[in-house]
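Before any questions on how it binds or moves, here is one chain, the form predicted alone, in structure tokens.
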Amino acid sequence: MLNRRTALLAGLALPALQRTAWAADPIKIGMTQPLTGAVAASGNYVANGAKIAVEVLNRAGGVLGRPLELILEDNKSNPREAVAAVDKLVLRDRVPVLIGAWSSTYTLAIMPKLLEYKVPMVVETSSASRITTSGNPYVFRIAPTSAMEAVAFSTQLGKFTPAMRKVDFLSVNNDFGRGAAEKFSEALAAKGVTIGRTETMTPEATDLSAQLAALKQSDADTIFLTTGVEQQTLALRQAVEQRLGKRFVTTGGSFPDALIANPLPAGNTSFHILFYAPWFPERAPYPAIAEAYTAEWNKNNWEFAGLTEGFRGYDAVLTVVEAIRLAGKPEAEAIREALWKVDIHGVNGDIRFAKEGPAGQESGQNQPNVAIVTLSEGKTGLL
């Protein structure tokens, strides 16, 4: 049976919490995502997840007797714009809490502003380890680090046939891509896998044929691909064109959804490390919450595969709102302190924070779940 809090998070509007009028002005939540630019597809997925969480919670009565208002700023897939977005949200809109900012590069650029303004931020996607080890007490990450993702993946190596013997990396040349290549190399080497070469690309690159040609010369059997959904799709298509004949594994929780409607030729199977697999909500840690989130998304007729990233925004809003409830007021320092007390169920499982970083300046880090989804001829499965 669902308890009162779990029912709220599942999107079940309890009669006792219905409101016909609001008692006060909205409580603002600031969010910055890449809504335009190189990784705009992912940023819009996350933003949409946050929007429907606000809708669900407002239907259930908001928080502290007040409605929620999501104020969204585009960081334009650029770290400088991410900083400008935070300036606007804090100085103009007076938000007491933030959510952001998809890429590790954008999040790292923002972090000094969190210290300057003393405003906490729930990090919903970024995976670079130093986000939570550098000593910023205003950072609370619900996404896994690259190290967490790599270790979780390495425990499932035995499921691959033929076995992984040697791996190469194709990574976007930023904190996200470089960090993933480093941490997956460490975790796989510890399991006896040989580490080969690494090729990189800029986030804006629209032709990866040179990198793929170089990787074709390698004797590795598997290529780990770390970038946004746009370049994932491009790399997988161009790999088929060049007849690489190697297994691809994407990291970071993004999914090349365009390959469902327009699949690769028969015989091409790719593997994708995800943190929520929407094709199988019954396999989520809390199916009622996952199914409610999925139903809300589908009501908007958004791309189904976008659910694989949209849940980040949904869970981030649930986390922030629970902290506001525990704080008893929408004030930045009170919310920061309350984030340490958050203990809720989300689409990705339990959300609670452990301390990480220098003593007295710790950031918060959650331990998410990981799944490996297969994609073949437009059909998905769980490994």
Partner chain sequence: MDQALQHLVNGTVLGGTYALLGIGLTLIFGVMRVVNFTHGELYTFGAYMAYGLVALLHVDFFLSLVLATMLGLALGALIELVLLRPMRKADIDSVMLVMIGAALVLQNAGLWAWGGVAKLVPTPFAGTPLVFGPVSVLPLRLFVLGVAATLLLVFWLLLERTRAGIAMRATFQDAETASLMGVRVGWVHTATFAIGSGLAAAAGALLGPVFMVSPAMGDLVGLKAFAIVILGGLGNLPGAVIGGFALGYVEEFGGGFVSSEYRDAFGFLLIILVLAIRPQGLVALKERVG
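Quick caveat, the model's predicted, so the values are computed rather than measured. Numbering follows the first chain given and starts at 1.
Omitted from view is the form predicted together with its partner chain, to which the following refers.
- Heavy atoms within 4.5 Å of its partner chain in the predicted bound form belong, among the stretches 342 to 350, 59 to 67, 31 to 39, 318 to 326, to residues of 31 to 39.
- When contacts are judged by a 4.5 Å heavy atom cut-off, Ala210 counts as touching its partner chain in the predicted bound form.
- Looking at Asn300, you'd find every heavy atom of it more than 4.5 angstroms from its partner chain in the predicted bound form.
- Using a 4.5 angstroms threshold between heavy atoms, Ser134 stays clear of its partner chain in the predicted bound form.
- When contacts are judged by a 4.5 Å heavy atom cut-off, Pro265 counts as touching its partner chain in the predicted bound form.
- The partner is absent here, but in the predicted bound form a heavy atom of Glu230, alone among Glu230, Glu182, Glu296, Asp168, sits within 4.5 Å of its partner chain.
- Only one of Gln156, Gln242, Ser218, Thr194 lies close to its partner chain in the predicted bound form, with a heavy atom inside 4.5 Å, and it is Gln242.
- The three residues Ser270, Ala277 and Thr308 each lack any heavy atom within 4.5 Å of its partner chain in the predicted bound form.
- Contacts to its partner chain in the predicted bound form (heavy atom within 4.5 Å) from stretch 180 to 207: Glu199, Thr200, Thr206, Asp207.
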